[in-house]
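There is one chain below, alone, in structure tokens, taken in the form predicted on its own.
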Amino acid sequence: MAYTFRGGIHVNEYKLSSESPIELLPDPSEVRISMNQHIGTPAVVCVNAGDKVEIGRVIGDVPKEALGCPVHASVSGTVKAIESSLVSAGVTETYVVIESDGEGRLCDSVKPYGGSILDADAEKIAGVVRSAGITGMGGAAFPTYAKILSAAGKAELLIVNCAECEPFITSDHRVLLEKSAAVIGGVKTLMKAVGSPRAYVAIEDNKPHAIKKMTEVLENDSMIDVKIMKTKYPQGDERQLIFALTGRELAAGKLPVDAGCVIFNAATCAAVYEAFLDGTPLVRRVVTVSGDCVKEPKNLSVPIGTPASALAEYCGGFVKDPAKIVFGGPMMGLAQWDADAPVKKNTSSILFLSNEFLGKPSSSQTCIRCGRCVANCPMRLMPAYIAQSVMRDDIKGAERYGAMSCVECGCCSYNCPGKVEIVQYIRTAKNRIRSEAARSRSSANDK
């Protein structure tokens, strides 16, 4: 039986790179490493222009009491500059620019974990994970050490999210096939940390090779099971994953641990294992490079901070001019305005899409009351009503209809025959609700 959830949609998969093994991208001549690599407090630069650095050296750190992770050099070389720039998310980020010397020298601090994992408690494991700068690599970039500490002693089930339900993305698929031992090693380490007696590896049924591989690896394991998920978007959302596997509903504002679960991405699990095995911090990741503009879609292991243009060049360049560059999937990813935008820890894919693929934008948006957005909404909201409230500048109304419960999966916009950009209206509502709440708190504090 394939597990699934209520609502959702079936999208064209475009898994063009699913049969492409992971290739190691040579170090680029220059990397730009953002200090804003995670949810929480951005790292503060702790190197200066002109400094010599090695792979794994801490170049940005966060105070111990703040939510955040250190950031490490991903290549060896010389710090060329410390600079700030506005990014497509609408915020200014600080970057450390490193000119690579091509030598790939490791920092002396990069050493294997010296003790036995069997003797380590949650605090010790979380400390190693934090020092390695590991964040959620599926997109959210939540610091993994913080998730470990919040779930320790509370999670009866650990779920490895291998759904990869967005079109084009195949990076986790290849990690499961080529780094299965590292994934399972990380799962067992995380189970030890949070005290979970069972784990599920959740894989959609459009990845039969990955299912076969993981089933073989776990054949004699009594604690970890492979669970086959029905291929449907957004299967990888934590609420849908928990409901599909356990039947438990996660209420708005609640975390997976409130349902007795903790969820980690497959690549994150592999990164945890490598941090203990040889002390490697999160300085590289696997990125899917795809889209209808790329000559040869591939899965590449690349240093954090590598410009998108370098990945495209390695994949043979373009067969047509890209109209849009998207980091992440086409449903929830973020469009970039800079072809040299650098890879971050949570960059699972970079898509180069043409106007032909994107289609002609609609000049008119008209709700025809068909109800598709309601039928497909995995959160069982009424997306059209939220959008219409925003159009009327009725933000309170949008909040009453549950705007803050929206996971922004984009199912509503994708299936809207009236071409209404519903999810964009909902994002507007959520931003205004948050801004109003912040103003209210500020006014209360001033009194």
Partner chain sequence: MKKDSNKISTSDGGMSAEAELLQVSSSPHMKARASTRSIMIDVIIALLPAYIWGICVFGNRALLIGAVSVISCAAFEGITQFILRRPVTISDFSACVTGLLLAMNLPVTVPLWIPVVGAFFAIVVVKQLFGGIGKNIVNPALAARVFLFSWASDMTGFVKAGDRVNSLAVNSGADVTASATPLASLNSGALPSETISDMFVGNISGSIGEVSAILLLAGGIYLLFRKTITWHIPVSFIGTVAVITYLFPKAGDSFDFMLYEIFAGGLMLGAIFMATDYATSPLTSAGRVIYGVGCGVITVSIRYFGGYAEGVSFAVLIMNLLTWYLDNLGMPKRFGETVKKKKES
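Note that the coordinates shown come from a computational prediction; the quantities given were computed from them, not determined experimentally. Residue numbers count along the first chain shown, from 1.
In what follows, reference is made to the form predicted together with the partner chain, a form of this protein that is not presented.
- Residues with any non-hydrogen atom within 4.5 angstroms of the partner chain in the predicted bound form fall in just one of 191 to 199, 99 to 107, 232 to 240, 281 to 289: 232 to 240.
- The contact residue chosen from Ile82, Leu277, Ala140, Ala335 relative to the partner chain in the predicted bound form is Ala335, the criterion being a non-hydrogen atom within 4.5 angstroms.
- The single contact residue among Pro297, Gly186, Pro303, Gly329, judged by any heavy atom lying within 4.5 Å of the partner chain in the predicted bound form, is Gly329.
- The partner chain is not shown here, but in the predicted bound form it comes within 4.5 Å of a heavy atom of Val423.
- Taking non-hydrogen atoms only, Lys52 never approaches the partner chain to within 4.5 angstroms in the predicted bound form.
- The partner chain in the predicted bound form comes within 4.5 Å of no heavy atom belonging to Arg432.
- A residue is said to contact a partner when one of its heavy atoms sits within 4.5 Å of a partner heavy atom; Phe357 meets this definition for the partner chain in the predicted bound form.
- Along 33 to 58, no residue reaches a heavy atom to within 4.5 Å of the partner chain in the predicted bound form.
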